[in-house]
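As structure tokens, one chain now follows by itself in the form predicted alone.
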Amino acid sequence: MAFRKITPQDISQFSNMLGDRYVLTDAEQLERCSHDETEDLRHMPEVVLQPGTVEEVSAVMRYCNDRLIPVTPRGAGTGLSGGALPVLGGVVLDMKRFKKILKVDKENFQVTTEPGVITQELQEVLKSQGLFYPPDPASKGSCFIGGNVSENSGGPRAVKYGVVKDYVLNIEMVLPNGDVIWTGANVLKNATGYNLTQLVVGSEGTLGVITKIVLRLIPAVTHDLLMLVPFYSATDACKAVNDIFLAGYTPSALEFMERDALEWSMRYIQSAGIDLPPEIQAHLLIEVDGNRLEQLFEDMEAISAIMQRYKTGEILFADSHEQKQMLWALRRKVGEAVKSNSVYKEEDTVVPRALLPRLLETVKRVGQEYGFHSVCYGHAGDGNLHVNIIKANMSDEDWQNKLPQAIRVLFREVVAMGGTLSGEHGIGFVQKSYMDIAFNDIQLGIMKKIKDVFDPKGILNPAKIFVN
């Protein structure tokens, strides 16, 4: 499909729809929307539009669809797969004005929210009313709930509570032709027709523009305990993960950090953080939560005993809210710390949990074969390992040509383990060339046909997920 460039007449029409102040063409705004948090990629839009109502979104989409103008929806721009990059120019549809929590329904444990609400702010409002929305990606203090839905985000507490898809009941969305639909119903059980809601969750902004979300909630928990376990061997740290579950315990978070990840994070946030003896190679950050504190202490003691089957250093039990915050800051800032140190690529590998030790060993072996250094961390409790590949001393030629070969080798081994390419970051722009590893032509063909049904002209978030 051949898209066309935006004309002054288009800008005038957009101003009539939204008002001049919400049609942005200045260099600062175009640059802001040219990138997300994916590596150092830049793709300039031609205009940034900031609608404030579903009617305005509908008008913009209908206009662009009729005139073959590409539209890239944008949330907070915290994505890590290039999903918000306007690769083909055109319009960036900036959803930052959709920032209202519309209704908290305590009786039915539901909330209706617009997509531009910051995830942490939503959680805090709900917590004040005794309610809990568990998914908490590392960027929860800045990311939008709409982006979380688009990427099916997870975060540390997915191991116990699940990911975003487990909480979305219903979505209002604008189709590329401007039609407005609801995808489901505000009920806990729904066996009525195809599940459009779950189709839209994780679709990365390629099927429609989300304008309202209805989320299922659970009662807030009152207590949590946290400990940090140092290991002499990173592989042992990975092996210890499954032992916890086999013993009958389900932590609310179970995070893995290689030594480099923790060192870089401590430097980045300028915190002495913790003692890090030279023999320590990895850590597990383990949290349990619930409403009976005595039971949580018993669980922590039992988990600690399991950890000591391996060669570990001194286990740190967080004994204050401040210490818990410090430990979580170290984990949540790893990605930013890596990015501040070097040009990098981040892979979001995921395998069945028991195969996590094999995955880590595979990453290191492929790195040795292809000459790259990696910093690994992630959600060990659900087998999701973030692999940050550091450019460091790799030549530009090897980075551009040899590294994609290495990533393809790594992904093939991940899929052979029963895993897949992305656990929570999505495919977006940067991983689409590897989709043939996870899916055959029949599977990819079905996905492309679904895209064609929603977006027959291909104007919405083009050049994402699929190679063509």
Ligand code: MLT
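Start at 1 with the first residue shown and count on from there. None of the values given here were measured: they were computed from a predicted structure.
Here the subject shifts to the form predicted together with the named molecule, a form of this protein not shown in this document.
**Student:** Taking Tyr161, Ala253 and Gly381 together, does each of them reach the named molecule in the predicted bound form with some heavy atom inside 4.5 Å?
**Tutor:** The answer is no: none of the three residues contacts the partner (heavy atom, 4.5 Å cut-off).
**Student:** In the predicted bound form, does Asp289 come within 4.5 Å of the named molecule, counting heavy atoms only?
**Tutor:** No, Asp289 stays farther than 4.5 Å from the named molecule in the predicted bound form.
**Student:** Hey, in the predicted bound form, is Arg331 touching the named molecule, heavy atoms inside 4.5 Å?
**Tutor:** Within the cut-off, so yes.
**Student:** Decide whether Trp264 counts as a contact residue for the named molecule in the predicted bound form under a heavy atom distance cut-off of 4.5 Å.
**Tutor:** So Trp264 does not count as contacting the named molecule.
**Student:** Give a yes or no for Phe144: in the predicted bound form, does one of its heavy atoms lie within 4.5 Å of a heavy atom belonging to the named molecule?
**Tutor:** Output for Phe144 is no: heavy atoms all beyond 4.5 Å of the named molecule.
**Student:** Any idea which of 417 to 425, 60 to 68, 23 to 31, 399 to 407 reaches within 4.5 Å of the named molecule in the predicted bound form, heavy atoms considered?
**Tutor:** Flagged stretch: 417 to 425.
**Student:** Between Glu346, Glu204, Glu114, Asp236, only one gets a heavy atom within 4.5 angstroms of the named molecule in the predicted bound form; which residue is that?
**Tutor:** Of the listed residues, the single hit is Glu346.
**Student:** Identify which of Val214, Leu80, Val200, Leu285 has a heavy atom within 4.5 Å of the named molecule in the predicted bound form; exactly one of them does.
**Tutor:** In short, Leu80.
**Student:** For the stretch 364 to 395, which residues lie within 4.5 Å of the named molecule in the predicted bound form by non-hydrogen atom distance?
**Tutor:** Tyr377, His379, His386, in sequence order.
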